[in-house]
Ligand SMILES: NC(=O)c1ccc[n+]([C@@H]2O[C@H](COP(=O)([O-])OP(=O)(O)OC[C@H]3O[C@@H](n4cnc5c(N)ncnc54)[C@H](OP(=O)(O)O)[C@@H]3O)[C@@H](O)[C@H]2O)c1
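Next up: just one chain, as structure tokens, the form predicted on its own.
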Amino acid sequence: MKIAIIGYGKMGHEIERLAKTKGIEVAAVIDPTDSSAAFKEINKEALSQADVVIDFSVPDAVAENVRRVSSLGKNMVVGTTGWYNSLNDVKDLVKKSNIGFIYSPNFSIGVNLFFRIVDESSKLVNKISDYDVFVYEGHHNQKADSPSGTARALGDIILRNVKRKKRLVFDKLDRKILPEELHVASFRAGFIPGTHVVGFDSEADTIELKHTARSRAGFALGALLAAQWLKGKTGFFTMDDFISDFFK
């Protein structure tokens, strides 16, 4: 399989490095600001040899990247976060162009197992009103968005399952939190690749579920596996579709 990489930051470099160890050819690297990238923009020449395009660029560029990639008929994996206000527009582009598309707030296989663990745990906690719920996450000091897409996804899982929680709160609270609110807190420091914690707290005890990334390799591996899975497919997919198929 041959891939093109959009965005030559830390994740782009990690995907390139890992692809070589997996026998996946990197046909093109596209980045408008990095002088070492072979191409500055998405065009027919840049994508001519690619089976699947992997995007780890910046949130504001994603919708336009999808428009250009879909117009050239190439399947696409998007690991960039923070662009979800454009989700409906992207779905329309994917449908009209009949490409294969998959996105996730986090392509780590471990994180997606974590999602499933939290899903089952929050269903249990829903039945015991004595437990309140919290979520917090930490990342390196270069991360562009807050909270992380993964933290938002964890919050959405809990809202879906814990019926007494109705709303996510991401900002600093200068007031008492309401019972129906779920506080999702963030911190940024140093070189932390990513840590996410979901907690269930009662007067008697606290239960914490935690995922800690040791490096970016897990995210890159998941994106590459998703790209291999997506090759030859058409339609709009999430990581959950891939994971469900992967663990059949």
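One-based numbering along the sequence shown. Each form is matched to the other, and the largest set of C-alpha atoms that superpose within 1.5 Å is called the rigid core. Quantities reported herein were computed from a predicted structural model and do not represent experimental measurements.
The protein also exists as the form predicted in complex with the ligand; that form is not presented, and the subsequent description refers to it.
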Candidate spot 7, 11 and 65, all three touching the ligand in the predicted complex (heavy atom, 4.5 Å): yes
Candidate stretches 43-51, 197-205, 177-185, 56-64 - the one whose heavy atoms come within 4.5 Å of the ligand in the predicted complex: 56-64
Report the residue, out of 80, 97, 75, 121, that has at least one non-hydrogen atom within 4.5 angstroms of the ligand in the predicted complex. 80
Hey, in the predicted complex, is residue 69 touching the ligand, heavy atoms inside 4.5 Å? no
Evaluate residue 193 for contact with the ligand in the predicted complex, applying a 4.5 angstroms cut-off between non-hydrogen atoms, and reply yes or no. no
Contact with the ligand in the predicted complex for residue 33, defined as at least one heavy atom pair within 4.5 Å: yes or no? yes
Is there a non-hydrogen atom of residue 107 within 4.5 angstroms of a non-hydrogen atom of the ligand in the predicted complex? yes
On a rigid core superposition, would residue 115 pass a 2 Å threshold for CA movement between this form and the one not shown? yes
With both forms fitted on the core, give yes or no for whether the Cα of residue 145 moves by 2 angstroms or more between this form and the one not shown. yes
